[in-house]
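Only one chain comes next, encoded as structure tokens, the form predicted on its own.
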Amino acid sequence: MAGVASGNDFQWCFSQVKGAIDEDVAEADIISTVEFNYSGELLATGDKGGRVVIFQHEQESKNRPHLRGEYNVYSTFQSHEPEFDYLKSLEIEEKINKIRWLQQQNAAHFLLSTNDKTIKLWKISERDKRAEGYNLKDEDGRLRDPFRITSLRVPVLMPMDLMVEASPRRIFANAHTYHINSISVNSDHETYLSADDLRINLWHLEITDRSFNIVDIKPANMEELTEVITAAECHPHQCNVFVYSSSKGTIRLCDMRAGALCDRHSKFFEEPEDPSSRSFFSEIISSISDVKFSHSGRYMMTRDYLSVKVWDLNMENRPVETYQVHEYLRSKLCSLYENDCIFDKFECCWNGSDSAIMTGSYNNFFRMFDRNTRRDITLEASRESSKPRATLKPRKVSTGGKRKKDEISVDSLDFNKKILHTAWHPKDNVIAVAATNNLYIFQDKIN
């Protein structure tokens, strides 16, 4: 895994881009989540139209050994449909909020997908044989007259074109009053948790008609509400431990062995605020939009509006590492508040060895930070650099004064082009970056 760490140790190059090039992007086509499975062989995306598209990693061809395998469409299905809650007169969007893969146990793959209210467990399986020679029905499926059957036939399996089927195996509904923002599969591979603004529920994958409420921060009087849950995740190795983050910039670690209701946390992570930098926007920009455990389970990473922080689970009073994502926007918070961009929820991800982290920004920029060398790089997902194996050039943003040749002015950043969702292959240097309706795949350049 040498060199996984940073964008400076090697160069990233363009591999693929998926999605239409149209200027007018349909709202339904905007990608809302991206997730590699445990092996990295499959890559799933969900969009605002309720669709899930799964890409499969193709094996390298002998004719073009310099090109590592590409990701091609494996299966596409409609996961969620728009619904209407007649009791509350509310429309329920079909937008896929999160996708989480289950560890593969057999030839089929399973994933959980959720919109604001309903979680579904999907089975993705292959069929390349079909049964022929039934006794009671013809080849076209019509029932045969029993009196005309004079001999018994043994059905045989005949080869057919490969068919990938997606079928819903479980539907977990009616457990969330508020919008679901997170789902996370537990390390026991039997349970998972789902979180909305005020509650976290624990489910068993086999049981759809009940879940256990393990966190409830709803006050008796809603006027006393001061914070909401923004993200939650299970520990990668300890099935009794999970964390959840809040809109106040705090993270609570809970242990399910301590009690059935985990309203009382085991650990409380918060960085003391610098009084000199306090402003009207302090509370908004301190809200945590994503929390992710490292693969080792020793650290966790949180993303707020301007920065990414890495916390050691053994140290609650401050993060061990802080990386500024786009500090140059601090002077623009007023206009970002007016156009609602200040409420954008950026996600973050670890590389396979936990030595580097990635998160998105505006103008289709995304940032990488090397934890060992403390170097960082800004790259851009754009059609301009989407020639095969084209090397991504580092981008720089100038914050005033004289602008250098390759720099882009902070005033000319496009805030409609934002990278909220990214994913890093669990083993290789392959990253997936969602830019509006396009999915970009980049890999490290092999000379």
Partner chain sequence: PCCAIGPPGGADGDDSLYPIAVLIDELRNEDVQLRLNSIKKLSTIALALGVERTRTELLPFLTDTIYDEDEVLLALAEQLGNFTMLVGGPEYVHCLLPPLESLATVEETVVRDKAVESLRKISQEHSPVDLEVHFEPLVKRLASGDWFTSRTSACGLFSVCYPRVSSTVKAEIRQHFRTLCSDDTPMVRRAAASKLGEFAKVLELDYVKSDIISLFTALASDEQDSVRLLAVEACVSIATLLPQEDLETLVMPTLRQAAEDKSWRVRYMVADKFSELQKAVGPEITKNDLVPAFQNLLKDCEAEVRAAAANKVKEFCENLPEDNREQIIMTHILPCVKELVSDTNQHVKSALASVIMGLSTILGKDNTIEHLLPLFLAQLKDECPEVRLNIISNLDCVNEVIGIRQLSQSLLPAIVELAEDAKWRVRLAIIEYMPLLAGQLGVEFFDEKLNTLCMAWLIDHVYAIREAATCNLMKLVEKFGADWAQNTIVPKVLGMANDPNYLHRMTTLFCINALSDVCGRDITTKQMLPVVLKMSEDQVANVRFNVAKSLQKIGPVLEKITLQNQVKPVLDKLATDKDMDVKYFAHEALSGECLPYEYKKLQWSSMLCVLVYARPQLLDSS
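Keep in mind that what you see is a predicted model, and the values were worked out from it rather than measured. Residue numbers count along the first chain shown, from 1.
Below, we turn to the form predicted together with its partner chain, even though it does not appear here.
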Q. In the model of the complex, do E126, N201 and A258 all put a heavy atom within 4.5 Å of its partner chain?
A. yes
Q. Is H189 close enough to touch its partner chain in the model of the complex, meaning at least one heavy atom pair within 4.5 Å?
A. yes
**Q.** Distance check, Y337 to its partner chain in the model of the complex, heavy atom within 4.5 Å
**A.** no
Q.
Can you work out whether F147 and its partner chain are in contact in the model of the complex, taking contact to mean some heavy atom pair no more than 4.5 Å apart?
A. yes
Q | Contact of A166 with its partner chain in the model of the complex (heavy atom, 4.5 Å) | A | no
Q: Mind telling me which stretch in 316-324, 352-360, 250-258, 221-229 gets its heavy atoms within 4.5 Å of its partner chain in the model of the complex?
A: 250-258
Q) Of these, S307, S294, S211, S246, which has a heavy atom no more than 4.5 Å from its partner chain in the model of the complex? A) S211
(Q) Using a 4.5 Å heavy atom cut-off, which residue among N135, S282, Q78, N72 comes into contact with its partner chain in the model of the complex? (A) N135
Q) Of 147-168, which residues get within 4.5 Å of its partner chain in the model of the complex if you count heavy atoms? A) F147, R148, I149, T150, S151, L152, R153, V154, P155, L157
